[in-house]
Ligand code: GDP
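Below, in structure tokens: the form predicted alone, a single chain.
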């Protein structure tokens, strides 16, 4: 059985924790897109693990994880992350593999990335990790894949500094190389979890272009870049927060306008630890955007939603969520492609009463306060998508499972 997990907002939704939780029942975990610009945070027994390239399932000693064909991998960042995991007691040898079709990020891509963004009239706010450059070279057929490390003719055409860098890491990379499609076909009866990076609204085709990632962060990427065909996907989960955040530039209709100390924005950022795992940048915060969430469900065929950070709202007497956009003289409930429209959109807000009690020790749907349930019910009705998992805290155990994803519909 193949289960796909993607972010249903602009990334940072808590996918890492959810993948980590569900990986206990999976045999294989595949990260299918993105690079070291992604950041998944997992808290386990008081230890915080910040993962950027390695799939979240690595924390289970019996799981095999793969970096998929759609990833762009900087070798120095990869092995620094693996060394950090080993220093924390995670034995990864024999459990981490890379698709031989994955592309490699070279050091000079970082500077090119920063220079390109600086020259834009409207900077995107890239992390400057060279990810966009790697994907651009991939699209222009000038990239370097893991499978190319033994292609002397191709390597001879690279710049001297690029060849020297690859020579430095080649012997460590080769043992990790695998034909991912063949491996998954041979293990097609295994339970496999496909882990996305960033979020649906950052997908290069269906996101808020041009303020998007350079890769596929949509559910379709699991098939195109994860080594399986689209008909082999059994379940798609979309992870979202009880509110909305965004890192970097780009339209954000529900963003809080007041970000001063003591503001709701500042409260949520502090309570929810809303700082980038990779960059440390403070995330922009706003109310839950249900228009955008429903759109993400539609274009990704999301079967079930996963709600995280619900506990961040515990102390609030009331809060709001966006149920429409006022654009000019019209109120719309469809997510527009036009950046101009999104930037001018005024959110139509619905008010909710808070539950004003801690929920982190709730272990079942029945344990949740009535007002929390009403909020969940409204989201389900608006998006027409069931919420099957609710996270009420950062630790693995603080998770309410209403329906297991490992059950075929």
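If you're wondering where the values come from, they're calculated on a predicted model, not measured in any experiment. Positions refer to the first chain, counted from 1.
The same protein also exists as the form predicted together with this ligand; that form is not shown, yet it is the one meant from here on.
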item	value
Heavy atom within 4.5 Å of this ligand in the predicted bound form - residue from 320, 162, 311, 148	311
Residue 43, heavy atom within 4.5 angstroms of this ligand in the predicted bound form	yes
4.5 Å heavy atom contact, residue 23 to this ligand in the predicted bound form	no
Heavy atom of residue 103 within 4.5 Å of this ligand in the predicted bound form	no
Partner proximity in the predicted bound form: residue 347 to this ligand, non-hydrogen atom cutoff 4.5 Å	no
Which of 78 to 86, 255 to 263, 335 to 343, 311 to 319 lines the interface with this ligand in the predicted bound form (heavy atom within 4.5 Å)	311 to 319
Stretch 9 to 30: residues contacting this ligand in the predicted bound form, 4.5 Å heavy atom cut-off	12, 13, 14, 15, 16, 17
